[in-house]
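Given as structure tokens, the chain that follows is alone and in the form predicted on its own.
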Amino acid sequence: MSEQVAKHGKSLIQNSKRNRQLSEEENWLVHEQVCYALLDTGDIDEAKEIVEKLSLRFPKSLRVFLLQGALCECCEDYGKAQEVYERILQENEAHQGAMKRQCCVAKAQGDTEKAIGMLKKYLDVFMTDVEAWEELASLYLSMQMTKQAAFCYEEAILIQPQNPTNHLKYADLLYVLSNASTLHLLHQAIGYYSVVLDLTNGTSVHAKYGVLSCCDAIKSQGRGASAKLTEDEEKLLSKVSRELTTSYEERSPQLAVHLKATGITTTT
């Protein structure tokens, strides 16, 4: 997407005839969006020209300051970027963009603990930002703090319950956290994998393998009654096994043989 915006946006900016068809507000908005696209694609020189143009036109704009900070980040001048963001926050202590960029600066500098602290502070203010919860989960996982990451995915799911991605990540995490004494986590994970299958119309192969893995773990790690699946779980296991086997037999018989050899599917 950024490549397309950068390519066509530059063309629009440089074409004076087409540019005149835009209102002044639209024109500068295009400059801003094209600049971010150029930074995303690493075209620093072109981005710098636009930042300079915007800085001349809007010398006191916090949005332009934010662009200046992003440009500094791309040039790996993190100290200067931090100064820019602190300047923005002096004028608006709850500036969403500046707070998020400060987290990015800390992450880019390899200071994960600082990035986590900043992101937690940011989420105290902007608690419905799903992307921020996802990023915080990722940072926690990089520190092997799985329980904290699980909490982040729970928050993300509450905010966007129709997004299958976070259901899937949370289910994976529950599976990782489980052991012989916490089999209830595997049952929970199956529930979340089932939600993913509902939200994706049964197309998520990842979720199907998640169901197989959880069911296999319950049967192998459990003792007595704890090694048994519920009736609904047994039905889901049979359904998933059947769908994966049929799919592989039609498209790749070798994979079907391999799947059967793992012993995690059921023929019931």
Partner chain sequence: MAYGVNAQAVGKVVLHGAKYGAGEVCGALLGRWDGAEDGPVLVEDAVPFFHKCENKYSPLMEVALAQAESYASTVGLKVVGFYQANERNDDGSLHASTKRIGDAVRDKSGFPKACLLLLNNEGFTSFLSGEAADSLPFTLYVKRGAGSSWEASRRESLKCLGGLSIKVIREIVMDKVAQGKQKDLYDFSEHICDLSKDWRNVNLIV
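Residue numbers count along the first chain shown, from 1. Model, not experiment: these values are computed from the prediction.
What follows is about the form predicted in complex with the partner chain, which we do not show.
The stretch in contact with the partner chain in the predicted bound form, judged by heavy atoms within 4.5 Å, is 138-146, chosen from 194-202, 95-103, 138-146, 114-122. For the options 88, 157, 173, 132, the one in contact with the partner chain in the predicted bound form, meaning a heavy atom within 4.5 Å, is 173. Site residues 210, 213 and 257 are all in contact with the partner chain in the predicted bound form, judged by any heavy atom within 4.5 Å. Looking at residue 264, you'd find a heavy atom of it within 4.5 angstroms of the partner chain in the predicted bound form. In the predicted bound form, the partner chain stays beyond 4.5 Å of every heavy atom belonging to residue 15. In the predicted bound form, the partner chain lies farther than 4.5 Å from every heavy atom of residue 183. Residue 110 belongs to the set of residues with a heavy atom inside 4.5 Å of the partner chain in the predicted bound form.
Shown without its partner, the chain has 247, 248, 251, 252 in segment 225-252 as residues with a non-hydrogen atom within 4.5 angstroms of the partner chain in the predicted bound form.
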